[in-house]
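Quick setup: one chain, the form predicted on its own, written in structure tokens, and binding and motion questions come after.
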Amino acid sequence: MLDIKLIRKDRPAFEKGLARRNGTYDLGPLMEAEERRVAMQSELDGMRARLNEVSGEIGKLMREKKDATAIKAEMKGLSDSVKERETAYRAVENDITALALMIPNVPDASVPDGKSEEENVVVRSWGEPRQFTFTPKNHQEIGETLGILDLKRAAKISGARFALYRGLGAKLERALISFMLNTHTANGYEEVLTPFLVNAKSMTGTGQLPKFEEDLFKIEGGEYYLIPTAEVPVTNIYADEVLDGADLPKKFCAYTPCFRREAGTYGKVTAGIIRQHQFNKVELVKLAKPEDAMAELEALTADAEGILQKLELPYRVVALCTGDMGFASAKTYDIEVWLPSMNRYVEISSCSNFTDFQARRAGIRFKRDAKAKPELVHTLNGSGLAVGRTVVALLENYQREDGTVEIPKALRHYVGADSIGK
């Protein structure tokens, strides 16, 4: 959520920043509501001051044993008016909050301008796509032929966009989770295991609610939601708390299943297990001081890249343009892995700096020292990595002409095998 006080001071700057995004975001209704709130606050302050004044006059009359009937009546009427105005004031505050929650973050000045993913900028590439001496198969065909993916029975159990892993397929998924967590904890991240159900307040804190409710799975008969990403519970660990600035940055990694309706996926890649309603992911989350956040984004992105480098999978890093960024992000890098069957790079991680946008919603603050005023932290996160898509990349990039799949050296200890198949 943006700082309304700062918008009031320099509305044109915020309008200019939001205009860089792919959409129209009118600050007019928000600022009109804010003007009503300021006027009502001034009125209430005057009424409360008069109440204090009247209370003093009544005390004086009582001490002088004079008739205070008239002024007591004034006080009661004024007190009733204050209660009515306080109710109206709270309603305006609710209106302001509702409007503010629907406005996205302002892109950082370093983010390239653009309207769609076509205008994203490739920052760097790593590794060379393999040159096959045979026509490479896609991951679904490989997995089903080897008996490690069973999408037909997954559909029977649950429906479309669910996966059933079998044998070494299930072990490969589990191995990747352990490999990723062990790598990140060695890099200084604290591993956490969070609830997979969260309340609406947590969803609102990270920006999923209210704007993206259609993409969420909600538990009927309660306020719980299945998490769309570990970002939600991990970022909210310190919601409504004040941290010691000496403890920043805080770095967390977490494995969770993720649940998404994927309501807005028209035109996106959905083949095989690339886009599922349920999938596993290892997430990286950081809480940092404002002046350190951009450097921490670079480091977080490098940590996510490190997984692909250890697995020797070709990838590239892309800076998202203003029109392709997520709602809460101020700057995002996508990491895209090479998929031979598509002859293209496909997103496997998205690493973002949200500045104080989430922290303001979730109430996450820090103090630089004992006497300092609390400040909002800056929050960051990124996939480290999406496990299912990593399986996809491994099956396609490490396939052999005889239908078997080589296991990368970094994973052999975890899987207990050097190949899948004959």
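All residue numbers are counted from 1 along the displayed sequence. Being a predicted model, the structure only gives us computed values, none of them experimental.
Beyond the structure shown, there is the form predicted in complex with the RNA, which is absent from this document and is the topic of what follows.
Colleague: Name the stretch: of 378 to 386, 61 to 69, 25 to 33, 350 to 358, exactly one has residues whose heavy atoms fall within 4.5 Å of the RNA in the model of the complex.
Modeller: So the stretch in question is 61 to 69.
Colleague: In the model of the complex, do N52, S79 and R90 all reach within 4.5 Å of the RNA through at least one heavy atom apiece?
Modeller: Checking in the model of the complex: N52, S79 and R90 are all within 4.5 Å of the RNA.
Colleague: Please check if G363 has a heavy atom lying within 4.5 Å of any heavy atom of the RNA in the model of the complex.
Modeller: No - in the model of the complex, heavy atoms of G363 and the RNA never come within 4.5 Å of each other.
Colleague: Considering non-hydrogen atoms and a 4.5 Å limit, does the RNA approach L101 in the model of the complex?
Modeller: The answer is no: L101 has no heavy atom within 4.5 Å of the RNA.
Colleague: Would A302 count as a contact of the RNA in the model of the complex, using a 4.5 angstroms cut-off between non-hydrogen atoms?
Modeller: No.
Colleague: Counting only non-hydrogen atoms and a 4.5 angstroms cut-off, does K422 reach the RNA in the model of the complex?
Modeller: Flag for K422 set to no.
Colleague: Just one of L248, M75, A200, I177 has a heavy atom within 4.5 Å of the RNA in the model of the complex. Which one?
Modeller: Checked against the cut-off, the match is M75.
Colleague: In the model of the complex, which residues of 95 to 121 put a heavy atom within 4.5 Å of the RNA?
Modeller: Contacting residues: none.
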